[in-house]
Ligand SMILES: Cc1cc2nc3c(=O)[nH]c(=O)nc-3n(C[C@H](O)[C@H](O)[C@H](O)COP(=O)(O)OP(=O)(O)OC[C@H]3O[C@@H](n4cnc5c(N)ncnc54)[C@H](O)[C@@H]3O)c2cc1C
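Before any questions on how it binds or moves, here is one chain, the form predicted alone, in structure tokens.
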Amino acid sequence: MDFAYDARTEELREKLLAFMDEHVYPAERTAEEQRALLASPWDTPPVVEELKAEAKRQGLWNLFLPDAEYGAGLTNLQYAPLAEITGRSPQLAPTALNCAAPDTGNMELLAQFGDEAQKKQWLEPLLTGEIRSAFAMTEPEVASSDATNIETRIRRDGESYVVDGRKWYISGAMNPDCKIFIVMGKTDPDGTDPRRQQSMILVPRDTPGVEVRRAMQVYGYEDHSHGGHAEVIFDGVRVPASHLIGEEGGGFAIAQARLGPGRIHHCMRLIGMAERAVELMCRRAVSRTAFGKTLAQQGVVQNWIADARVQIEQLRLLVLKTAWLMDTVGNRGAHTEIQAIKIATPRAVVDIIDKAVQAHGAGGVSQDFPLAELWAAARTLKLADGPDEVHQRSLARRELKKYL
């Protein structure tokens, strides 16, 4: 395993680092100021469109998609350090590069499983950044960590499917640019194989019966970067049968294929979030005095900084190993490592950001620094794409199987 950056990765890293310094970081405050003046808090601030145009101009666009026909054609190992950089400004950078969830997973899904008509109608405008999308899987009435619990129904009726169900924490749904939902529900609720009961279907936002009922907050934040998280009702929603993705009963397998890359992308960005937190903690430590010494001279703060550096280096190596395995033996061959980073990365990054918050005192929990919002985002990832405990259970079973 050679984790040295190749020439193309190094070139893109240099361009992206400059893009962050020259455009993204200065736009963070501007975006907040502009959002306060918008008719709706879910409208896109003008500066975001400016960032997208500049990213396109510089060739920093669709870096996440390994399919060279649609994206940059980077391997997971090449993309990892780039995603880490965007994680330093999670509210702006991923969106600016068209590398933000849930659109990334939806584009990967459509590229892999969509037919030509579906790609033409929905994938192409997503690739150009003209529209955004949402992935409707999680439900409030069941434990959605077990996808076989899903209660939403997708019923065949002649040349149509009818969708009925209630979803929540549907990322991206509050954004008015969100034009399409990928909905997971059951086409065969009484089937003998619980993993063949589900299917996925494309539901345009303007279809009668679709109601985006309310925005769901995350620790009091509304997460504008993803277009919010919404509760969405599907009440007798009728769409053509051609909107089914793949085959009936293929939804569970499609979901697993979609979530694998998403999990590693989240972990890559989390490392960037941790680096931003350490940078802020160090700047604070050298500039603040308490009890006659700077915070940087206080032993406890030194311990926080040292521990954070060790944790980040460990996590980065594990993420890079996972990316390398995904490239060389596929997602299935990297299953253990994908679960390991999904467990380890949010857990450690939450702790790192928490220490940075502590070093900032009251400022750490305020809106004057990005730390509170970074903490909320990192803590949420202990639940998103499967809670830690589900991955621990699966990983432990795989380890124990060797001894049974």
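Residue indices: 1-based, along the sequence shown. Everything numeric in this text was worked out from a predicted model, so none of it was measured.
Keep in mind that the form predicted in complex with the ligand is not shown, yet the notes after this line are about it.
- For the options Ile170, Leu126, Leu202, Val301, the residue carrying a heavy atom within 4.5 angstroms of the ligand in the predicted complex is Ile170.
- Between the ligand and the residues Ala136, Ala323, Ile271, Ala96, the one pair within 4.5 Å by heavy atoms in the predicted complex involves Ala136.
- When the ligand is considered in the predicted complex, Cys282 lies well away from it, no heavy atom lying within 4.5 Å.
- The ligand is not shown here, and in the predicted complex it never comes within 4.5 Å of any heavy atom of Thr9.
- Taking non-hydrogen atoms only, Leu395 never approaches the ligand to within 4.5 angstroms in the predicted complex.
- Heavy atoms of Val218 reach within 4.5 Å of the ligand in the predicted complex, making it an interface residue.
- Candidate site formed by Val142, Gly386 and Glu389: every one of these residues places a non-hydrogen atom within 4.5 angstroms of the ligand in the predicted complex.
- Stretch-level contact check against the ligand in the predicted complex with heavy atoms at 4.5 Å: of 306-314, 162-170, 76-84, 236-244, the positive one is 162-170.
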